[in-house]
Structures are given as structure tokens and as C-alpha cells.
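Below, in C-alpha cells: the form predicted on its own, a single chain.
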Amino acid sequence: MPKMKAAIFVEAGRIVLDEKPIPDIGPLDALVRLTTTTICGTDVHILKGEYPVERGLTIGHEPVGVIEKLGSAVTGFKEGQRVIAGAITPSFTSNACMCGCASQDGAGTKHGFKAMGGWRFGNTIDGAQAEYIRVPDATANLSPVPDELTDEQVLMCPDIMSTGFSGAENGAIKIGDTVVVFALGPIGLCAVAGAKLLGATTIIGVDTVPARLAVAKKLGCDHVVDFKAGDPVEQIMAITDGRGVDVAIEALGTQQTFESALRSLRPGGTLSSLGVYSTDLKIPLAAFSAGLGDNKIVTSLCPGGKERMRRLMSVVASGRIDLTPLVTHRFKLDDIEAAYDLFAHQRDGVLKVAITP
């Protein structure tokens, strides 16, 4: 049986490059030869054992590549075509999809808690940090890459861009809103860009890494707050003349950033949570106004499907946003263990890495 190289979860603390069979495909699937992929913060949660997956699973959920083989029932595509697929791969036939929440397609119990909806790559099926990937429900999930766009221009679309934008969208940002984004990693930076596209006119970014603060300004931040320079909520209140923000986007997944986001809201404001949390959250009584503040707390899993990917690539092609500066390091698949070491320890100013088989 033909083999391929793949980044495989062995145990907590160990993702290694090894060989495994090239995936078989069924009638609804496509086999895609990967040309570029990346490592996500969620992959680091898997590496650390904070999010459980089966041993032997190929990790990764951000595929850019070329169709190698099509299942007999897949329509609208051809072999040799450049494509991406979203990190979320809904069937569009499930109850969740029929209820209008395609990202939650397939949500169910896994390892004692609710799995992350339609997130299958590198979660419940083999993922994208490999030479080949099987894309399920390919007609609904593959999206052609325009010839004028490079792999790195569309690399953020499958997850990081889609997730950051969904945090802004689910926050129901309106023209003239004031928005704060807590944590300016790749997802937070995309949330900044999404907030600007939706019409926010005052955007505040919270972080402490100078390079991230600089990129945030380029993507649309009007103010940056260094949380090491003092209480970030006090700084936000000073910027807003004590009013608070209309929307706070939490993009890290810690108790501290969640609380700070909640405390920074105006009465009736919305906390849009994007972080992946690895421990229980507590809602402080005062920050929650004892439940009487008319606030909203919403969560997001990035939407999937080919139409979502088409729209995001359309934004990139329009020139309204350029996310290529987020790719700070490049590795061959053969060196993915070194890439994980760099990314997991956030060394050398890393934002995102591009992995090429």
C-alpha cells in the first residue's frame, strides 16, 4: 500500500513525523495532495494533552492543495485543480445544518465532553499535516483557489481568518462601534481585520508583544494596550471615557482574558468568545452585573463549507486585507517537529508557520 509522510499524535507532549498509508476515498470524498498547510494553536492544545484525540491521528486542519483523485459522486471539480477546504467540513444534511448552524455538524460526546462540532480534520479523522488528505463531503467543502492567489495568500482562510471574522460577525458589530480584542495572536489579529471590515471605528488591541501590536495597527487597531503596563480594563475605560466597549472579543482562552473582556463592556455590550478553554470558566458576580447588565456572551466555531471559503478568498482577492505578514516562518514537512517546537514555545516572533510537503 502506498505510504505518505504525516505528523502523528503519539501521546501528550509528542507529535512526530512518521509514515502511514495514503488515505482511501469513498464516493463523496476527494483525495487532495497538500501543497501548503500550517500549525494552529488548537494543535498545540492537542500536543500538550489539553484537548484529547486518538493516538495515531494525523494532526492539522488547514489544507491548501491540488485534487489528486475524486470520488465517483463528487461534482463540480476536476483532478489537478487547486483547492482549499475549511477546517470545518459539514455535510449540510445534519440536524445542526438544517437548524442553520453548519459549524456544529456532527457535535456529540467524545472523551466525556462535547466535541467541537464539524471540526473533523485532525480531531476525529486524519488531518492536513501530511502529504495527502481525504476531504469528506467534497462537493460541499472544496473551494477552487483563484489563479491569481498564492498558497500563502489563502492559507489563513480555512481556519484563522474564518474564526477571527466569525468572532467579529457573531459580536454583531455595527458601524461606529468601539471594539476591543484581547490577545493579538493570529486569530485575534484576524478579528481586528474583521471588526474593521464590519464598520467598527474604534478598535483597541490588547497584548504585550511589540511585533503583534505593530501588526495589529496595520490591520486596523486605532489603539493598542500593553497589559504589562497596567490593568488593561482601566486603560480601555480611559480610552472610551469610561463608557466601555460595544463588543469585546476574547481570542486566547484564559480565565483572566475572559474576565477582562467582560469587565470592559458597556451596559448591554457583547462578549464574543473565540478562545479554546482548557479549564472551567467562572463568571465574577460584579463583572456580570449580577446577571442584570443586559450583556450577551456568544461563542463561535469557524464556519465551514465552500461558500464560506469562496467569500473569504474574495476578500483577499479584493485587496481589502492582506494576511501574508502573519506567515513569519517556513518549514518543510520533514522539519515539522522543529516547527512545532518553535510555534508551541512562541519563539523568534512567530505568528504562523507555512509547512510545505
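Given the structure is predicted, the values throughout are model-derived calculations rather than measurements. Residue indices: 1-based, along the sequence shown.
The same protein has a further form, the form predicted together with a further copy of the same chain, not shown here; the description that follows concerns it.
Comment: 240-248 is the region of 240-248, 151-159, 123-131, 225-233 lying near a further copy of the same chain in the predicted complex, near meaning a non-hydrogen atom within 4.5 Å.
Taking the partner from elsewhere, no residue among T38, L47 and P210 has a non-hydrogen atom within 4.5 angstroms of a further copy of the same chain in the predicted complex. Taking V135, L189, V180, L274 one by one, only a single residue has any non-hydrogen atom within 4.5 Å of a further copy of the same chain in the predicted complex, and it is L274.
Shown alone here, T328 lies farther than 4.5 Å from a further copy of the same chain in the predicted complex, counting heavy atoms only. Remark: L281 counts among the residues lining a further copy of the same chain in the predicted complex, judged by a heavy atom distance of 4.5 Å or less. In the predicted complex, at least one heavy atom of P267 sits within 4.5 Å of a heavy atom of a further copy of the same chain. Using a 4.5 Å cutoff between non-hydrogen atoms, L28 counts as a contact of a further copy of the same chain in the predicted complex. Interface residues of 305-322, taken as those with a heavy atom within 4.5 Å of a further copy of the same chain in the predicted complex (partner not displayed): G305, K306, E307, R310, R311, S314, V315, S318, R320, in sequence order.
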